[in-house]
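Next up: just one chain, as structure tokens, the form predicted on its own.
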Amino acid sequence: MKENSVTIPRWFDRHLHVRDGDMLRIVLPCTLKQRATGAIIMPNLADPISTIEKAKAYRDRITALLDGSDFVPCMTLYLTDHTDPEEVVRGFEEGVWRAVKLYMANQKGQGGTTGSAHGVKDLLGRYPVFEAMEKHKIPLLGHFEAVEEDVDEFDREIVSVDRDLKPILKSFPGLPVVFEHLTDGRAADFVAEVDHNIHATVTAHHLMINRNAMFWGGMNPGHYCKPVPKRETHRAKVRQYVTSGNRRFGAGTDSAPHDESVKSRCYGCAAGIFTALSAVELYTMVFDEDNAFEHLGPFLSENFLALYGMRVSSETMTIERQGWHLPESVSSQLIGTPTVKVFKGGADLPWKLAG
């Protein structure tokens, strides 16, 4: 018999983009309504969060909009080729950030995703930073995708695993690592099996769509994100690890808002899928379809939270089997502010977060 509700501890989003300015004011309330205890905030703004001062100022801008919420914005440091190991440690020990985010860029200054052009070009040159992080148990959150133009788009993760990730793990066996927004089944096998303190975040949209979704009915920019969705065999493999209860995998929405005019343009559309409005319900749909409700709570609310200095919440939240209509987009009433298209916007979802 199908359950009509599921109650779990309040959840924690291990990978979230809230942007800044008008966009921050539009999208942050969506996460707050989802009752997250907090989130790992991504640092890839137009001016990257690459120093202690920038991280403090960004955190202040977020907390100014919390309106009494107990939501904890957990900041991250944007790693560059110029990052000082001493500042990495000082910011961590002072509680400014919880982790360091690795984006990579090629020698032309081209990154693999939004806001990654300032990323690391010389990975070997960052090894002194990783050494300091290993010593102080500072997590490395990696966007592990090869960024060279001659690497096939659908192989970028596994190429980075072999070329970048494996040498890092070998050189720094005590370094905690999170493989961000994992999509490749081969990478999932590696994370699940390797003898290292490594975990992976997985998005709701990568559990629900494969690469065909980018092309149904013509080119669909609403389903374009980085990493791009992979072939069905990869989606199924990653989903199997998630819904079978493997504790190395946890929820990280990678909810990535863009103004609709940028997201839907014909050439150079922005990479990112916005799920913050319904992330809990989308994840619940996945676990419901796979008859795996016993693993929903750990995935959303428990797995490797201590890595970020967070505890499992003593408060609970209930998701009910109750249909509701998901809006097409979110926006502000102010003229000239962004409009953000919602993943699966316009659909009727079968689950609703209570309260």
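This structure is a prediction, so every number in the text was calculated from the model and none was measured. Quick note: we count residues from 1 along the sequence shown, nothing fancier.
Beyond what is shown, the protein has a form predicted together with a small molecule; the following relates to that form.
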**Contact of residue 226 with the small molecule in the predicted complex (heavy atom, 4.5 Å)** = yes
**Asked** Quick one: is residue 271 in contact with the small molecule in the predicted complex, heavy atoms, 4.5 Å cut-off?
**Response** yes
**Message:** Check residue 246 for me: does it contact the small molecule in the predicted complex (non-hydrogen atoms, 4.5 angstroms)?
**Reply:** no
**Request:** Indicate whether residue 114 is a 4.5 Å heavy atom neighbour of the small molecule in the predicted complex.
**Result:** yes
**Complete:** Students should find that, of 242, 256, 200, 77, the residue having a non-hydrogen atom no more than 4.5 angstroms from the small molecule in the predicted complex is 256
**Item:** Option touching the small molecule, based on a heavy atom within 4.5 Å in the predicted complex, out of 143, 230, 126, 98
**Value:** 143
**Asked** in the predicted complex, which of the stretches 117 to 125, 256 to 264, 186 to 194, 159 to 167 has residues with heavy atoms within 4.5 Å of the small molecule?
**Response** 256 to 264
